[in-house]
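Just the one chain here, the form predicted alone, laid out as structure tokens.
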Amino acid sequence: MADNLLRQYLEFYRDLGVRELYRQMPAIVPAAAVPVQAPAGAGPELPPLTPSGDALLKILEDIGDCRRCRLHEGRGKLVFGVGNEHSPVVFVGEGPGAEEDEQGIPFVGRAGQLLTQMIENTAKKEGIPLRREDVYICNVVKCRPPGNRTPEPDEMEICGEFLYRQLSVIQPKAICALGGTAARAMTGHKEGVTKMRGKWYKWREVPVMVTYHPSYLLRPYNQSAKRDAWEDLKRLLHFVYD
């Protein structure tokens, strides 16, 4: 039982992006000061991985007016997530852009409009009754990085706690990682998105499909990647809804 719990905690920290753990060595104390050994199996209680009775609203309340990392300095609005909290699929992007920062809603700019078309058009062609509002959409980080730069590892680690809780509450059947940053955060793999796309990975025990971020598909020289992204999405939707 103890080994099981330890493994859960190690997986938890791995999912947050923590790659190294350090053990503090006990100080040397006189023999007379050494406490009586506790009975076998007893020890300090570890905090739960997620609060009891966790919910999306509780997570948002816990984030509050977040100032845990430098990203809050240039933030307009915190961008938590949007959609059906009982959705069997969750789309995870990198972080908010300018329009998302202004509205407080993920994927509302040009990339968001393309994502909506991808979800709804693919579903329609495959005979799946699905609209954007039927799925849940969020990002690895909740505040816009300056100049839309890639989030730093410590920023992703801090926000990762809340993303972990979001996914744990929703308990989706599958996750779609949009772009390299989301793919690395969800899977721990370091390959580029071109090598990872179209393949299944795991976040804990939840299948993860990696595909291109919609903003990548908007660039004129990446038009050929659109077909790949649509194929990825087709596989994802059939896995979740068939």
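For every residue, the number given is its place in the sequence shown, counted from 1. Just so it is clear, the structure is predicted and the values come from calculations on it, not from any experiment.
Separately, the form predicted together with a small molecule exists; it is not shown, and the next lines address it.
The small molecule in the predicted bound form is approached by His213, whose closest heavy atom lies within 4.5 angstroms of it. Contact annotation for Phe107: at least one heavy atom lies within 4.5 Å of the small molecule in the predicted bound form.
Although the partner is absent from this view, Gly160 stays clear of the small molecule in the predicted bound form, with no non-hydrogen atom inside 4.5 angstroms. The small molecule in the predicted bound form is approached by Gly97, whose closest heavy atom lies within 4.5 angstroms of it.
Residues within 4.5 angstroms of the small molecule in the predicted bound form, judged by any non-hydrogen atom, belong to 98-106 and to none of the other stretches in 119-127, 161-169, 67-75, 98-106.
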